[in-house]
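The chain that follows stands alone, in the form predicted on its own, written as C-alpha cells.
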Amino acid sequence: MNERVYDVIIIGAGAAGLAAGRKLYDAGKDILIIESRDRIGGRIHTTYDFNDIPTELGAEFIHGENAVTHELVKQAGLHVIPVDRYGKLRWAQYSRPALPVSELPPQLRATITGLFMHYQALPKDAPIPDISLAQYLRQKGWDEEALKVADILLAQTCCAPLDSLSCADLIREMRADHAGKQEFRIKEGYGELLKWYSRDLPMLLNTAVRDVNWGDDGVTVVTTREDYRARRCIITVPVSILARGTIRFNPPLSSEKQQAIGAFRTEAATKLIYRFREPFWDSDLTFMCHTGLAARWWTPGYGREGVAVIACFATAEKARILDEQEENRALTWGLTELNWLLGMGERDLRKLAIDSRRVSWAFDAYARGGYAHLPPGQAAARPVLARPEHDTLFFAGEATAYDSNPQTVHGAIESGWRAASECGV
C-alpha cells in the first residue's frame, strides 16, 4: 500500500483523463493518473512509422471550427489542416466510380440531399416518444434503399446501426452543439498535442486498475502494481469497459448508475489503411462512400503534397465482418472496393501498395469497440452516466458529454474539465 493520499486519482489517460489531470494539476492539486496501456491517448493513437506524415489509427478529426481543441493546438504551437469532407462528398453506385454529389443521377442526388435535410430537421421535428433514426426516416417517406444510404452517411459516423440510434439523444447533441460543422486534422498529429498536454503530469502507465474501494472517507484504487489512496477519483475509461465489469467497485455503484452504464451500446470500429508508392487519385479527394462493405474512405494526406495514404473506416456490422476475416483477406477486400471507387479498371492495387494495416478497436482490450451510442428510449442515460457518486467518484469520457458532442475528442476534453470542476477546481 502506497501511504500517500492524493487529492484525486484519475483512471485513464485518454483525452478526458488528461484534460481532468491538466486542470487539476495546474490548480495545484496532488494527482495521479493511472493508465492500463503503455501509452497515453486511449482511442487516440497516432503512429509515426507508417508514412512520412502522422497516421491516426483512432480518432482523426477536429469536428468543428469552434471546438475547444483549436485553442490547445495554438497553445502547443501546432497547426491544423482544413478538411471539407461532406462538402466534397463523392458517392459510388453499383460498383461504379465515385462521383461528386452534383454529378450523380438526379434521383440519387435527391436522396442524399434529402436525407441530410431531414437529419438536420430533427430538433424541429423532435419525435415523441423517442424512436430510432431509421424509424424517423421511414416516417419521412424514405424506403429501404434510401435507408442503406442513410446508414453509411448518418449512422456509420456515429458507430451505430441506423435502427439503434436514439433520436432524442441526437437532438440533445444538436441543441448542445457549440463546435460548428467544419472539420480539420492536426498537421503534426493528435499524438503531438497529447504529448504537450500531458507534460509533467504524474502518471503510471502499464498499470491496470482492478478494484475501486470507495466511501465517505475516500478511495483506494487497487492496481496490478500496488494500491493507491485519494480523497476523490475520476473514472474516464470507456463505458464499454465499465459494462464488462473489468473494474470492480466496492461498494457497487448506485443502481441508477449501473442502469445508465447498461443502456449504452458499443459497436466495432475498424480502419483499413493503405500506403502506396504515389497517389493515383486527384488532390481534391477528401471523402467517398458507397453501400459496400468498405463503405467510407478518406485521404489522411489531404492538403499535403505527394502523400499516398488512403484509409477506410467501417463501423458496426460492416466492421464486424471485416474483423472476422483474416487480416490480409480483409485488406484485399478493401482494395477491391477501392478499385471500383477510383475507377482503376483491372489494375492490381496490391502490387502498388507499399504497406497496409488493419486496426480493429473491438479487439483492443481497453476499448472493446468505437464510440458509444444510445438506443431509442435511453437518452436520459447520458447525464446519469456523468453524474458523480456522492462526492467521491466522478465520471468523464466522450460518452458522458451530455452538454457537448459525444463521440468527439473535444467532447471528451470538455467532460474531463467538467469532472475536474466537480472536484472543486
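Sequential numbering from 1, following the sequence displayed. Every value quoted in this text rests on a predicted model; they were computed, and no experiment measured them.
Beyond what is shown, the protein has a form predicted in complex with a small molecule; the following relates to that form.
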Which residue, Ser198, Thr286, Thr111, Thr207, is the contact with the small molecule in the predicted complex, using a 4.5 Å heavy atom cutoff? Thr207
Out of the stretches listed (22-30, 386-394, 373-381, 35-43), which one is close to the small molecule in the predicted complex, meaning heavy atoms within 4.5 Å? 35-43
Counting only non-hydrogen atoms and a 4.5 angstroms cut-off, does Gly334 reach the small molecule in the predicted complex? no
If we define contact as a non-hydrogen atom of the residue within 4.5 angstroms of the partner, is Tyr48 a contact of the small molecule in the predicted complex? no
Taking the small molecule as it sits in the predicted complex, is Gln407 in contact with it (heavy atom to heavy atom, 4.5 Å or less)? yes
Touches the small molecule in the predicted complex: Ile247 (any heavy atom, 4.5 Å): yes
Site check Pro300, Leu341 and Met344: each within 4.5 Å of the small molecule in the predicted complex by heavy atom: no
